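Coming up is one lone chain in structure tokens, specifically the form predicted alone.
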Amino acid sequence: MLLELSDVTLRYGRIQALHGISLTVNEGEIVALIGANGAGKTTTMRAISGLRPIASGRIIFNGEDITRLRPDQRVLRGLCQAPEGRGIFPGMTVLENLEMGAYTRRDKAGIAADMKRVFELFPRLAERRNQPGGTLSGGEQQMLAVGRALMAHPKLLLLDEPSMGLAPMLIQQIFSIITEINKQGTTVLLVEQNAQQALSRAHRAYVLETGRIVKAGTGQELLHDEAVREAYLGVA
């Protein structure tokens, strides 16, 4: 087991956002978290990455209790996130953004190999390597956010709403690349409102509602679950 959340609660002031979340991610999997806006998906990701301290519970990553570790310490252990809203550095070039993803590393050969991998996964980024990130299209910025996270050579890649704001053709492309990243050996935890794509790609998935996990199963089980289809796939 690569990641385990055990009875995690989290508060924003007096508001309790997560109510005893427990989930697991095994090495080599794509695991999806689906749910409506405000369900707690991004909050769960922030808890995992250390951007929000949890009130109670434990987070175990690669056999180590990381509950109280700072975000940068989690990155050093191989836990890396491409955040919601992309969060690239708009004034820096594509190449400089990718180099920032590897700022904790000192293995020059490994960095070069991962840079080559990113450019193979995202040929558009290779074409625009000297272009400022802020001048890229929305889809290209999403590719850059994912590529930057990959430059940290993560054991677990956290993807928060990678399809947000993208055209249907680009959504299909992004999810195909996520599948390829996983096939190449990177474990993925995916938060996504596009339930159809997420469940189609995921080995396992969890459904969040108002800070609670209400369903869990394989991606295919939830894709064909009547309640999930009605609530998240628009199928009555």
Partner chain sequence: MNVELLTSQFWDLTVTGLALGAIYALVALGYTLVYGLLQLINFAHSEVFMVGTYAALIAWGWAGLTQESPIPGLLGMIGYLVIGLIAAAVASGGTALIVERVAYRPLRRRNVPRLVFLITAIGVSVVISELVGVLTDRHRAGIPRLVERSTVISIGDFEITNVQLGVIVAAIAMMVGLDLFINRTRLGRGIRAVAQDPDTAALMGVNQDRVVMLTFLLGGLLAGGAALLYDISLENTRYNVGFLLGIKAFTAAVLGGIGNLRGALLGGLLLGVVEQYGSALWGNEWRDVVAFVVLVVILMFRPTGLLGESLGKARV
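Positions refer to the first chain, counted from 1. Computed from a prediction, not measured in an experiment: that's the story for all the values here.
Although not depicted, the form predicted in complex with the partner chain is the subject of the following passage.
Glu99 belongs to the set of residues with a heavy atom inside 4.5 Å of the partner chain in the predicted complex. Mapping the unseen interface onto this chain, Ala126 falls outside it, with no heavy atom inside 4.5 Å of the partner chain in the predicted complex. The shortest heavy atom separation between Met164 and the partner chain in the predicted complex exceeds 4.5 Å. Residue contact check for Ser49: one or more of its heavy atoms lie within 4.5 Å of the partner chain in the predicted complex. Using a 4.5 Å heavy atom cutoff, none of Gly110, Arg117 and Asn182 lies near the partner chain in the predicted complex. Taking the partner chain as positioned in the predicted complex, the residues of 92-123 that bring a heavy atom within 4.5 Å of it are, in sequence order, Met92, Thr93, Glu96, Glu99, Met100, Gly101, Tyr103, Thr104, Arg106.
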